[in-house]
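Starting off, we have a lone chain in the form predicted alone, written out as structure tokens.
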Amino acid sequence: MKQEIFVLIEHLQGRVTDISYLMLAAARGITEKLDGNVVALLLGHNQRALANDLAADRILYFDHPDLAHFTPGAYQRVIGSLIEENKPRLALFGDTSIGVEVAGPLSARLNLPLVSYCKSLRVENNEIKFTSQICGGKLMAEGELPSPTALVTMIPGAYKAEQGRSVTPGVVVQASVPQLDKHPVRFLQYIEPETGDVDITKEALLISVGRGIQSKDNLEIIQELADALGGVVCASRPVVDQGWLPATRLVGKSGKRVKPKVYLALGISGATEHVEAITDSEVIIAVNTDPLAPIFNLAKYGATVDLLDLVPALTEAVKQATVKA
């Protein structure tokens, strides 16, 4: 009998989120080596079209007005019943506000093991092994997924969204929706934050600063570099929390997900909440004095130097190169 891997498809405002495609890619990597099927779980209302590019063997579509927007209780009811009835080998959820709200309670209710912050999955000796990023990304934990059924919340970093897309998606099956009781948490409205002075999600070159900037006064040299390169300054949470830059410049799970051609990370350690928002960048360059900083796991180029020494010299070099050009 083929083992099934369930993947919860997250969507927002009519679009499938990238984490869903990353999880499909991870699931496909397993089923290519083991005898199994990838089953996408799509919950919504009049949103069947979202299944059109999902790289799954089968898509179970649950259509109900109460599923038009994410509500924890409704999702837990639908997916919990499905797991109890089918007992898949593995159920994948994004390590997001949606995935955590579903996977955590289901783990407790169904008494199933839960692996969090999972970065990648692989098959060794016909067993599924996981690698999780813990302690803010400073440690990597590896192990074998418990059987017969395990729940996993995944973070970006090891897969690309295009690996989870397909021009020939699997068959879509209209699944029956269990009785959905009234839940204390319900969706009211989606509020889009104001873009502010610049929309960092549309910029091709971002110079991002983190805790390593040390003080607000040092932002001046960062801005000089940005001006020389023709880029825009943004930041990780510690800088925004200090009030040194507005929330519109925040890159991370609670800020903006960006996809520039070049992302220059200055003094950023690379916590999971930040890393998952920059995985679509074409080139990531990291500067951090800590050679073990998690950001180097994602960066194509890196330097373990003090950014306060590097940035002025880099700015001057860029200016000189511009004049010569």
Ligand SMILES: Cc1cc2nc3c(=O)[nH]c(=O)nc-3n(C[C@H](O)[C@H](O)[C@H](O)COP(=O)(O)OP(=O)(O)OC[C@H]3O[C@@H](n4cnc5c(N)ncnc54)[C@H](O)[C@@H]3O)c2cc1C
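What we label the rigid core is the largest C-alpha set whose atoms superpose within 1.5 Å from one form to the other. Since we're looking at a predicted model, the values are computed, not measured. Numbering starts at 1 and runs along the sequence shown.
Separately, the form predicted in complex with the ligand exists; it is not shown, and the next lines address it.
Checking P169, P238, P88, G231 for any heavy atom within 4.5 Å of the ligand in the predicted complex turns up a single hit: P238. Residue in contact with the ligand in the predicted complex (any heavy atom within 4.5 Å), chosen from T131, T201, S254, Q163: S254. The candidate site formed by D18, T31 and G94 is entirely out of contact with the ligand in the predicted complex, as no residue has a non-hydrogen atom within 4.5 angstroms of it. In short, of 46 to 54, 266 to 274, 31 to 39, 64 to 72 it is 266 to 274 that has heavy atoms within 4.5 Å of the ligand in the predicted complex. Contact annotation: L250 falls within 4.5 Å of the ligand in the predicted complex, judged by heavy atom distances. Remark: G210 counts among the residues lining the ligand in the predicted complex, judged by a heavy atom distance of 4.5 Å or less. Although the partner is absent here, A293 is a contact residue: one of its heavy atoms lies within 4.5 angstroms of the ligand in the predicted complex.
In the predicted complex, A27 stays away from the ligand, with no heavy atom inside 4.5 Å. Core-superposed comparison between the shown form and the other one: CA of D63 displaced by less than 2 Å. The two forms, fitted on the rigid core, differ between the shown form and the other one by 2 Å or more at the CA of Q242. A movement of the C-alpha atom of R257 reaching 2 angstroms or beyond is seen between the shown form and the other one when the two forms are aligned on their rigid core.
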